[in-house]
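Only one chain is shown below, in structure tokens, and it's the form predicted alone.
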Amino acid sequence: MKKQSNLQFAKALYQVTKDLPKDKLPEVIRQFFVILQKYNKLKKIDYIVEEFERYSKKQSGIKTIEIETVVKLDGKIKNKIEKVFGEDSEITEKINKEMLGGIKIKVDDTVYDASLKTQLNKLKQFLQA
């Protein structure tokens, strides 16, 4: 039998619960735990829940945006970033004191790296060519 991934379990749970009436949810979740136990996946429940959250956000059109800078951004800049990537976004900020400057933006699985270190490395490669 083929091994099932955490994402496959998360997708299955999403498909079963997306249009389910709330009163039916407890029984479906109980059955889901029975299935996880059958496949020895109960110890992976945290990862499955993370995959479920990511997948359900993606299906709902919600983008996950992680912004990494050396200092906290002001509201105007965050609003501009939100407008660029869409109003249905969840933005989290990460302060990285080790960055020289600039910004890194991760949208779902895509990284936009405008950090000073990356720009200097690109300049170095250009000058060495």
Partner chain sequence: MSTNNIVEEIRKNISLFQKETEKEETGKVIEVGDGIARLSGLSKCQASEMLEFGSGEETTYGLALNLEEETVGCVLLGEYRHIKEGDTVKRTNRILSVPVGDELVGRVVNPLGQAIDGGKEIKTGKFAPIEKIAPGVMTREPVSQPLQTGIKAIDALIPVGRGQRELIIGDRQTGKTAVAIDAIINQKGKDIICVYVAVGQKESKVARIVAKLKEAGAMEYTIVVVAGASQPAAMSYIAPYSGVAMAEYFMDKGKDVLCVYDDLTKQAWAYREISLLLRRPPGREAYPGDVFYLHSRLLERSCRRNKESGGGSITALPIIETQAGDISAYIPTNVISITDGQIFLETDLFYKGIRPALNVGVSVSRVGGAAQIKPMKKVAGKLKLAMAQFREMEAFAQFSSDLDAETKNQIDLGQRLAEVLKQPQYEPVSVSQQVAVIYAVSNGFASSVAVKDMKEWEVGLHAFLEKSKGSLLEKIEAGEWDEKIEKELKEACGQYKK
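Model, not experiment: these values are computed from the prediction. Residue numbers count along the first chain shown, from 1.
The protein also exists as the form predicted together with its partner chain; that form is not presented, and the subsequent description refers to it.
At a distance threshold of 4.5 angstroms between non-hydrogen atoms, Arg54 is in contact with its partner chain in the predicted complex. Shown alone here, Leu20 lies farther than 4.5 Å from its partner chain in the predicted complex, counting heavy atoms only. Contact between Phe32 and its partner chain in the predicted complex is not found at the 4.5 Å heavy atom cutoff. The closest non-hydrogen atom of Tyr14 lies beyond 4.5 Å of its partner chain in the predicted complex. Residues from 93-110 that approach its partner chain in the predicted complex with a non-hydrogen atom closer than or equal to 4.5 Å are Lys106, Asp109, Thr110, in the order they occur in the chain.
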